[in-house]
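One chain is shown next in structure tokens, namely the form predicted alone.
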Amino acid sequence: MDLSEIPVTRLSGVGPKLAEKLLRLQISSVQDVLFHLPLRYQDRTREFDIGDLVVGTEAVCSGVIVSANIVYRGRRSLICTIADHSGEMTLRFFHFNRQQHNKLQEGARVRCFGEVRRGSQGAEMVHPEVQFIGGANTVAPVVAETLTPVYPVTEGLHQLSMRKITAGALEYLRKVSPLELLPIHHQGSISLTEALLTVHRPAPDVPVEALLEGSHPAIQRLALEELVAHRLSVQRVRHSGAQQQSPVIPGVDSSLYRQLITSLPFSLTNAQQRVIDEIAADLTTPQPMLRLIQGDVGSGKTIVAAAAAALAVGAGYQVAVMAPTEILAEQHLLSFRECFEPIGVSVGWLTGKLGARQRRESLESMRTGTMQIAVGTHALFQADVEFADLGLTIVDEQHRFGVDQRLALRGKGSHGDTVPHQLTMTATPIPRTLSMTAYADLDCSIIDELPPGRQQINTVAIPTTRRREVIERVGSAIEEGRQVYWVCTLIEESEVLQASAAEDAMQELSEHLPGVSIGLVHGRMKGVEKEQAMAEFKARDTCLLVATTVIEVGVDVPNASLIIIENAERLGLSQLHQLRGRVGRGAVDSTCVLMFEGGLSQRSRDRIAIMRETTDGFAIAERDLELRGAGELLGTRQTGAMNFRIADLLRDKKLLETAKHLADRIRSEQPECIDQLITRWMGEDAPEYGNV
């Protein structure tokens, strides 16, 4: 009997209503209960004398109620005093009913569990869990034999209910061991059954710190299996895609490709040429390309993408270029038009903010094929979008899109078993730890060489108390003929508030720098307005550009040599690195000023110190992973792909190679286990190529 096939309603006390609540936690079977693990533990295995209780800790104690009164001091509350041979303690209840009041009477003996606080009369517990254990002369039942788990729950589902449900599932586990799906000699000395029993009901001598930190063998056993399941799920997406075919596109002998390269005002770096050759080799086969280009700020990814587009368009196919934000999509539109329109290739545009007439025209030109390269945002994979013959999709800043979104765009070019090739790019270097897991469905190319002429960027940190001095420095740079970015950041996601902050900064700078031409860019502006503001800055019609973080990527103004980032302590390392990369693109050394508020946390101090120490994007990405964790670094849109229950990519780095080896072994030796592993760990979150 497979535990995954036993419905949760078979457990004692689980009826339809409770089953519905459990379904919110993605629990529908006994196996699901077993893999719903505790968040933390409480130690109820020892009972303390009242006189030995320590304020700030959770503890079990017992005593006889010596007084119980309802008081009205500000709010109605029930105050009980209990006593044992060592002292007295107060129990305070703000929410109670008549039945509870009647039971909490003088002479009753109770055992309490809760957090010990310092009250006006000494030690107290507020709303403790109370167990009635008889009168003063009654022998008390034994305390808990194992540590008490605290589970993730949902509205209407309480910890006591969850523990009872789990206890029932553990009874099944003892009778029917779950399938051991990993090759047995890699499991070490601990079985899956033993790991689950340990995690759900740890013995009193089990080191709780090791369980919570994830270093205990039981947690490591489960984390390893989850990493294997994750890798297999991503490989399944890749394998499913590989069953289809993509158009065979000739390589770098293409005349359009040669026209593009010849028209460039610079020579490609060796790294750019190597990556283009890798892309060209992929395109010449009928197997769909799924390649990720990584490159640090300013490494020249855009021209590599343009080269790939030239190969596809030269072979008669359309290309779709998708970016996560309007302003980045606009930058790509300008770059691709600059590259392709002089050589006769039409480049069009589709975003959610187009007017109805413009949208109809864009959709029609994409459908008929007159738009050879389509640039846009998420709008490119909406239901009404059709391409005549899409041969290549390019996804920029792909860490902001999930697997399903990458595949949705790819699905726009599907014709039967034929799908377009896909090239994805990121200017946010991805630590190897993440690329081995989140992007195991992609081949990776790294542009590890910066074009000639990239200048050193000096990074300094200055408190906002020296704001006037910073403004004077901006004025001096402009007098020397340089251009300057002033970036406003807010914690709030509201574009209205961000726009207001940028407008306020522009007003302040205008007052202090009379005669200086200042531009403004923020997310509330219309696309045409943002494009015009950027074009004016690039053409040196404005000397100072005040902007929100919408300029994080894609903006290239060689004459800009100074960037001021307000409230730098609010941003992650990778975002700071991207913003800093807006300067250092010209002939002179550049400076990045990180302005911060006083009273920095240690974490913020660490971030600023790292930015001052290095300009190496990959080193910064590794530190960002350490500081922020994988989920935040990859972004919230990576839903499902990084939604680990137990594994932690930073903590469990040492397991990744083993997980890779085991996944490969299972694919070759135990393919029948693949679906079971994926379902056990990922359930509905597992990405499915065929469902996109």
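Quantities reported herein were computed from a predicted structural model and do not represent experimental measurements. When you see a residue number, it is the position in the sequence shown, counting from 1.
Keep in mind the form predicted in complex with a small molecule is missing from the figure; the text below concerns it.
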*Only one of D606, D556, E194, E386 has a non-hydrogen atom within 4.5 angstroms of the small molecule in the predicted bound form; which is it?*
D556
*Just one of P288, G300, P149, G475 has a heavy atom within 4.5 angstroms of the small molecule in the predicted bound form, so which one?*
G300
*asked:* Please determine whether Q272 contacts the small molecule in the predicted bound form, using a 4.5 Å cut-off between heavy atoms.
replied: yes
*Is there any non-hydrogen atom of D296 lying within 4.5 Å of the small molecule in the predicted bound form?*
yes
_Touches the small molecule in the predicted bound form: G355 (any heavy atom, 4.5 Å)_ = no
*Even though the small molecule is not shown here, does V206 get within 4.5 Å of it in the predicted bound form, heavy atoms only?*
no
*Which one of these stretches, 520-528, 356-364, 316-324, 302-310, sits within 4.5 Å of the small molecule in the predicted bound form when only heavy atoms are counted?*
302-310
